[in-house]
Structures are given as structure tokens and as C-alpha cells.
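There is one chain below, alone, in C-alpha cells, taken in the form predicted on its own.
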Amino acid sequence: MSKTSLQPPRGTRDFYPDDYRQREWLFGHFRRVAHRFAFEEVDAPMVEHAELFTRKAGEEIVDQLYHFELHDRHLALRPEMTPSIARMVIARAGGLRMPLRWFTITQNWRYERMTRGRKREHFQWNMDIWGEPGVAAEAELVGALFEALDALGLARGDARLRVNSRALLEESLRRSVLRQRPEVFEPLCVVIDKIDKIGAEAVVELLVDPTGPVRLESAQARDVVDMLRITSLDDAARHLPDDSPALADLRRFFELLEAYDVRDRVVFDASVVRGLAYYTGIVFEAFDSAGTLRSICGGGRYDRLAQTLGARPIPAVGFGFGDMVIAELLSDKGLLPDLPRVVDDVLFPFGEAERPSAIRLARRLRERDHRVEIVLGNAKLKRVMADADRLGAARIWLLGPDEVSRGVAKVRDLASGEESEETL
């Protein structure tokens, strides 16, 4: 076997015990917050039919699929969980009681350019609400998002949520540059979502490209980019009538955030549009306040996704929260915990004659939910004592020939050093 084949594929990760404990610590926080908000956990296959993810040409995600053909089926590793959730909801839509509150923690795959906090394989916590058209659903998700950030130990000012509305942007553009071509709004969103990655001038070039999907005039493209610089909801409102539904939704959303006590952590930012074509309403992304990392999480409303998959429209909103960026941020803040291996009891049979007694004792202790390690091989007592202390074990049980002949084991409390004998 070559040296290369002994490494994981580029962009993927091995999780050794120390890494896995930190991963489960993070996932534990995700699950506790989801349960506090009365969400139920679901899952779906890692492999889906590729067409589930190829709804809209031009989305980066289409070019990033890990896909293959097998027995005349075109399959793909899931790059995100939302379409799979949509598929599950559609399959049982008639028998599901709405609104649904579902969450997932899944492994996802995208063949993309790697940067800090971004690999080609990552885990993601999703929370989704289906069947509720009102912005109370968005506010509930944002409340859960900040509760998770707080639970992980981040200070109140360490992260900010940037919020916009696809519906508000669409209303504005259809009153101006898209008045005659409303059908290009979705591909336009895919393009302008790149502004943080490639810059304003490059976005203008893509918007005016005569071979591209949008094909604006140069002045129109610059008007769009200027609109993305708006950071005040009042300024955005100047482009809309007073009775704008999108504007009313955003104002109500911000009112509800006051009740969740997170309004001061959320800002309006017209440049947030999200790169997936299925978003329809409020969209949001969370970033570290220092701006040194890519987005911690992102999401929004996607009321037409079920319709694009061939079903009737079902209102829906959700977010995806990756494991990698938050781990980078927690590491920068010194908040990633040191999580040692945990063993309650170490059992040391002095020889093979004493091992059956050690096994029977271990069975009884494990029935009481103790984490028990029986020493294997022919280790020396001094090393066994040192290893038990290093593990942070609570007790070590010594089973020598004399003890076993008397039907007892010597027990040492490793915190106090006190010794006693316990019946086997």
C-alpha cells in the first residue's frame, strides 16, 4: 500500500479519540438546544438521487457534487440536508401534522476550494420548521441559534447575525432593473452572493456578461451592487412602497427578536442573499465579529422548494450550522475544552488465574453503568497504577492470588488514597 493511500482523501478528516470527544461535545450542545426548542431529530441516506440537488443550473453546489453512476442510477453524496428533508416531508405531507420542527446532524460532501474552516467533508446541524408561513418561525430559529452560541461559551459580542430578505430585494429590483425581466432574479442572486468572495467589480462583470444568465446593462449592474451596500432597514425601505409585505415581515421579525433578547446581535445587511436559488424570504448568516472567518451558519425561508421538487408549495424555513468554523472560533477564543478519556474503574488481575474473577466483577460494575477497563496482558503494578492515575480513574481494583482466594478485591480510591476490601 502506498504512503498516499494511508492518508484520508484530501479535504476529509480522521477523528481520533481526542478529536471525536470534542466533536461529540459540540454535537451534544446542538442536540440539547434543539430539544429545548422541542425539535425532533431525523435522518436520511447519505446517498441520494443526484437530481435532488441539481434543480438550478448555475448554483455552485451543482459543480461541487460528489456524484457517480451505478446500475443506471445517477447518485450523489449529499452536499446539504435541506433537499433530503424536503423529500421526506413531501413523501408524507398528507399525514404529517404541521408545523414540523425537525433537526439533523449530518455528514455532507462538497468538492470545493478549501480554506480555513472549510473542507470537502463536514458535519452540519440543521434546524427546520415546515408549515409555518409567519416570521415567528424565523425568529424562533434565530433564538435557538444564539442560545447555542451562548451555550458554547462565546461572549455576547463574539458573533453577529446579518439579515436580509430575498423578497425585499426582489420587490426592489422588479420595480427597477428587472422590471422587464423578472425571471432572471434567481440567477442574479446566485451571482451577487459571490460579492464577498470575488469583489464588487467581478460581480458587475458577471451581471453584464452577454453569455451569462442575467445580462444587465452596465449602469443597471452597478445599481444592483450599490443596493447591496445598504445596511439600514430604513434606507432599504426607501426603495419600496409603505405597504410592502417583505418590509412588514422584516420589521415584525426584528420586533420578535427583542423578545428573544437578541436584537442587539442582529444587523440588516442587503448584501446577504445566500447562494442557493430556493430561498424566497428572510435570509441570514452569522459571522464572528472580528470578521476573520467565513460564516458560522446560514439559512432562511424557502417556501418554494417543495414546489420545485414537484409537490404543492409548503412554507419552510431553516438553517445549517457547520462544525468546522465554530470549532475554529472556539479554538481562537480558548473555549474548546480538554476532554480526557473517562474511566471509572480499572481492574488489575495479577495473573491469568485471577482474570475470570476480574471479568465477573467487571460485569457487575458495568451493569451499574460504570466505565470499566480490565488490564490486559502482563503489566507491572507500578505501570498500572500510573496509567489509572493518568486516565483519571476513580478506583483501581487489585485482584491478587491472596485476595481472590478469600473472595475479595482490594480497592484503592485514587483521589483520597484510601484502601478497602470489597467482596467479589
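Quick note: we count residues from 1 along the sequence shown, nothing fancier. Being a predicted model, the structure only gives us computed values, none of them experimental.
One more form of this protein should be noted, the form predicted in complex with a further copy of the same chain, which is absent from this view; the next part is about it.
Colleague: Using a 4.5 Å cut on heavy atoms, which of F350, W109, F146, F268 is close to a further copy of the same chain in the model of the complex?
Modeller: Of F350, W109, F146, F268, the residue with a heavy atom within 4.5 Å of a further copy of the same chain in the model of the complex is W109.
Colleague: Report the residue, out of V47, A394, V62, L381, that has at least one non-hydrogen atom within 4.5 angstroms of a further copy of the same chain in the model of the complex.
Modeller: That would be V47.
Colleague: Sort through 290-298, 126-134, 174-182, 274-282 and report the only stretch with a non-hydrogen atom within 4.5 Å of a further copy of the same chain in the model of the complex.
Modeller: Selected stretch: 126-134.
Colleague: Examine L77 and determine whether its closest non-hydrogen atom to a further copy of the same chain in the model of the complex is within 4.5 angstroms.
Modeller: Answer yes; at least one heavy atom of L77 falls within 4.5 Å of a further copy of the same chain in the model of the complex.
Colleague: Y260: heavy atom within 4.5 Å of a further copy of the same chain in the model of the complex?
Modeller: Because a heavy atom of Y260 falls inside 4.5 Å of a further copy of the same chain in the model of the complex, the answer is yes.
Colleague: Using a 4.5 Å heavy atom cut-off, state whether R341 contacts a further copy of the same chain in the model of the complex.
Modeller: So R341 counts as contacting a further copy of the same chain.
Colleague: Does R406 reach a further copy of the same chain in the model of the complex, with heavy atoms at most 4.5 Å apart?
Modeller: Outside the cut-off, so no.
Colleague: Counting only non-hydrogen atoms and a 4.5 Å cut-off, give the residues of 345-374 close to a further copy of the same chain in the model of the complex.
Modeller: Read in sequence order, the residues that approach a further copy of the same chain (within 4.5 Å, in the model of the complex) are E352, R355, P356, I359, R360, R363, R366, E367, D369, H370, R371, V372, E373, I374.
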